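Only one chain is shown below, in structure tokens, and it's the form predicted on its own.
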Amino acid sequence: MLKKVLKFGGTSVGSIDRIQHVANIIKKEHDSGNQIITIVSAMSGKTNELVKLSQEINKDFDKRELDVLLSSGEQVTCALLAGALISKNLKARSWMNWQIPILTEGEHSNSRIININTTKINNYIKNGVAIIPGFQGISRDGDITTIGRGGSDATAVALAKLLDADRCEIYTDVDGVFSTDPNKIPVAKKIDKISFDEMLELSSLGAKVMQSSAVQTAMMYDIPLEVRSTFTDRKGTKIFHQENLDYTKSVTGVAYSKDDAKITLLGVEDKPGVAANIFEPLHKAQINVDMVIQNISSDQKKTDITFTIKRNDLLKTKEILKNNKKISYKGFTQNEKVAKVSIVGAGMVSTPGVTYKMFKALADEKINILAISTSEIKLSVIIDEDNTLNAVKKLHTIFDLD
């Protein structure tokens, strides 16, 4: 008998027929003698629908009330799935986040799970199936909180850790993790095995299969994951530590995101502490800064500083820079029509020439590079948004991933 955490994403539970199909998967697992904890997302499109409703009330809708609103999507799915299982003669019940409870800390809409009381769940799954909403929790003050888009993955991994589960399986609408987005690049291949490090990079760089914080938690606590399809019986992608993998290729996958913006501060005084003064208020406003490039002028007295942020933080960032009295600069430029394209692979560490090969491929396509960021297993560039698909196709081919 195994203790399994099964997580089903929004497309997996996107209709009544699909919820019935998920119930059949759970029944099969339960009938095999396994203890089952199921995490569910809101039905596909429901969260966007709720966000739209909030914006019709107020474009700057109160974050506390937004969490109350958005958390209702997962609660609906929980009740429907529990009802479907009961109709199939299984003992099942839904649990709201506050009934467990799932304790969180941090600001509304971006909280993080710090603890889950597992006593009730462990007792219940001895005979029944527990259905738990992902994406949400409750603060020490008793407020409902949400943990960011894709947060159901984080809920599943946290429960797998705290319940000491044998497996954590992430069910979605694709067969596993692919070398790039198969909806855009039909020649993308499914990856049978991938390391936590590579999956973490791909998730943070734009791959939508798993939330990056969930991968990080699984890596920290050595919780093997499997990403698989709800709609086929094919094997998925197994994610675990790097030493278990044999790398024959330098690059495992190509990721991209179109939600970035680039800002350049011109004529910044070049002296110690300036960079800290620029980025401290952004940090306090919880604005994530990604790539940073500094170009020192010939007289070494002035510098231009370029950095990238998420596009939806652009207005807030500009306001913070405008009101920052600790820095002076001649002006700034912005470009919100950019994309980040990245190659990821643990084999890059031991393979010379990867950087040249990527830059040469983009040059051959006449794609200009606006910014560069590297690590041991990833290489990212900022380019014009219009060139995204062409860049991804070229890199996917040049690194033998087709």
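Quantities reported herein were computed from a predicted structural model and do not represent experimental measurements. We number the residues from 1 along the sequence you see.
Here the subject shifts to the form predicted in complex with adenosine-5'-diphosphate (ADP), a form of this protein not shown in this document.
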item: Candidate from V209, I144, I223, I132 lying within 4.5 Å of adenosine-5'-diphosphate (ADP) in the predicted complex - any heavy atom; value: V209
item: Heavy atom within 4.5 Å of adenosine-5'-diphosphate (ADP) in the predicted complex - residue from T180, T317, T104, N97; value: T180
item: Interface stretch in the predicted complex with adenosine-5'-diphosphate (ADP) - options 165-173, 302-310, 78-86, 122-130, non-hydrogen atom within 4.5 Å; value: 165-173
item: T11: touches adenosine-5'-diphosphate (ADP) in the predicted complex, heavy atom cutoff 4.5 angstroms; value: yes
